[in-house]
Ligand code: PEP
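For reference, the chain that follows is the form predicted alone, supplied as structure tokens.
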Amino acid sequence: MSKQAKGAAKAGKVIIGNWKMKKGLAESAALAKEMVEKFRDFNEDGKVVAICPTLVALTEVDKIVKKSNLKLGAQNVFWEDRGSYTGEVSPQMLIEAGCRYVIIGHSERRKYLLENYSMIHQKVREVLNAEGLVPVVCIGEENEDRKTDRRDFVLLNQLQQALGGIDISESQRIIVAYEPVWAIGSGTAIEPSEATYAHKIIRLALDDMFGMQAVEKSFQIIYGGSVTGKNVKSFSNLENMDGFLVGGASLDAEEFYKICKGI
């Protein structure tokens, strides 16, 4: 049985900003300060807002956001706690750096670093064995899958490979981020009706894998893919929509704030 994560009761809507490899150390610190100021009085309906800067900026950004309304997250993690794994970082190391969330299996890592769902599965297991770190597991179809009506199969297969056989306790949480690969960075978000359908498929699959009660307590499903302050309203009240994983728009404090206010 996995260890229980501290403070991991299911939260309200969650909005996570993925800064990718867009900001260096000084730039990340400056943006974090801007975010802290912008979100100073932000405390709505239990919403959780997290930012995921580049690895080298984690400890510096942690100092800036520690006493603010913002949480810290990381963009990647390894599946071992310690060892001879050059260039990698363990869940415990991320926790020591102040992280409470970690993105796992983003489509860009699957594309450019050949990360597969066997690796993603191992990462999820190791993160759940750490105390206080919530995995944000990314899934999503390619445009070709969408055109050939394979989306359902792809999503179900990705979920099964990433989460199949994992035990989750009542105090643990897993966030599933649905990111249609074709929408990421395109400037064009998915139609709300498509997002509703995809999230329903994901929810039904999770119910089948873990049981409705466990899913209700421990899982959240969020959307990512060209979300902006202008289109956030069209997604905010959709069924099974627990928040957003935001890319480019999270690099602008004002735009990110609009998204967080809009859901």
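All values derive from a computational prediction rather than experimental measurement. In this text, residue numbers run from 1 along the sequence as written.
The following text describes the form predicted together with this ligand, which does not appear among the structures shown.
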For the chain seen here without its partner, which of 175 to 183, 87 to 95, 151 to 159, 125 to 133 has a heavy atom within 4.5 Å of this ligand in the predicted bound form?
-> 175 to 183
Indicate whether the candidate residues Asn18, Val227 and Gly247 are all in contact with this ligand in the predicted bound form, with contact defined as any heavy atom within 4.5 Å.
-> yes
Using a 4.5 Å heavy atom cut-off, state whether Glu115 contacts this ligand in the predicted bound form.
-> no
Examine Glu80 and determine whether its closest non-hydrogen atom to this ligand in the predicted bound form is within 4.5 angstroms.
-> no
Do Glu108 and this ligand share at least one heavy atom pair within 4.5 Å in the predicted bound form?
-> yes
